[in-house]
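Next up is one chain by itself, shown in structure tokens, the form predicted on its own.
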């Protein structure tokens, strides 16, 4: 069994640490301008200007079943859908606002379709709910607000009451956690209590959100739900964004290992961005997944559907990269974690280990394919069988002292020498499955 013990939290993270791979879905009115999900902020748009998107939002090609099937084929085990992003637009039929999808040409509850489709494919479902709301009349103008540059930005806050907005959030979270059955993840986003601007605006944190009440409500309604730590309160999940950690994420004060999830995009934008060109290569996508699990984490990979509701060719191609690799190599991801500390020094350069949580199998991911032989110091007495994971074909190995298929200086007796085919298998990152004694 794995010796790694993560920090105890209120939610049930056992399934989460097993499943390792999920789909993030950023979808809203911002898919229409198609130039970044923060477009209202970046271009300092007024509500009146942004209204053009609300009046024309018509995702006539939205088929949540297609999304769910693609997610499942890619090896994803759960999903997190943006029920409300920073723009304040609700993708569900909330009774607490008119600013919702059912009042647009879409005319239906888009969250409901997502939940039903993903659940039908056996995937767990989660909601992203923005703490920020650039449309709500009681959300005060702050350092991230589209009106932050107005000459009278501070005066705009006269009559606004964050207590009313905090209650609004609780009302909507109650809807989300009551009307759609069992919800596995609640992803709040985000807090910035230390932000300050030259014109006197400040950021927001747990006091503004009334996070204690909000989280208590969520846990009362959905016991065991997983909640991230972005409401300015430690909960179940640490969420490094748009970078790859180089070690297991630890608690800043106690040093305890945390349950963590790297959230990443296929390109440089979360929402649909028509002209964005920094799409990640197939090699980088697979390496990101392997790197994350090799450090005890999960990967939440984002798609940004178009305004008409489908996943464009670039997103489908990226999902297919995962589908092709995971079809044969998912055993090195599901139920796996960082290799035991005594095994880590054996991992060669340009390789990554993952290990099954029962400790019986070690997975060697060949990020750069070696020529003919690969030395694994310290493993000679620990491995009883080796094979490529993608096809189950045997890999011959010997001790360092038995150099019948090697020349040169003698290796230590505890070194395991793998004999690999000269030609790399047609797999982006081949995996060697080592059965431990």
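Numbering follows the first chain given and starts at 1. Small disclaimer: the values here were computed from a predicted structure and weren't measured.
Heads up, the form predicted together with a small molecule isn't pictured, but that's what we're talking about next.
Participant: Flag residue 26 as yes or no: does it have a non-hydrogen atom within 4.5 angstroms of any non-hydrogen atom of the small molecule in the predicted complex?
Facilitator: Residue 26: yes, in contact with the small molecule in the predicted complex.
Participant: Give a yes or no for residue 109: in the predicted complex, does one of its heavy atoms lie within 4.5 Å of a heavy atom belonging to the small molecule?
Facilitator: Flag for residue 109 set to no.
Participant: How about residue 279: is it within 4.5 Å of the small molecule in the predicted complex, going by heavy atoms?
Facilitator: Residue 279 lies outside the contact set for the small molecule.
Participant: Can you work out whether residue 263 and the small molecule are in contact in the predicted complex, taking contact to mean some heavy atom pair no more than 4.5 Å apart?
Facilitator: Residue-level check for residue 263: yes, a contact with the small molecule.
Participant: Pick from 238, 99, 128, 209: which residue has any heavy atom within 4.5 angstroms of the small molecule in the predicted complex?
Facilitator: Here the answer is residue option 128.
Participant: Tell me, out of 190, 334, 248, 180, which residue has a non-hydrogen atom within 4.5 angstroms of the small molecule in the predicted complex.
Facilitator: The residue from 190, 334, 248, 180 that makes the contact is 190.
Participant: Want to guess which of 391-399, 61-69, 367-375, 36-44 is within 4.5 Å of the small molecule in the predicted complex, heavy atoms only?
Facilitator: Single hit among the candidates: 36-44.
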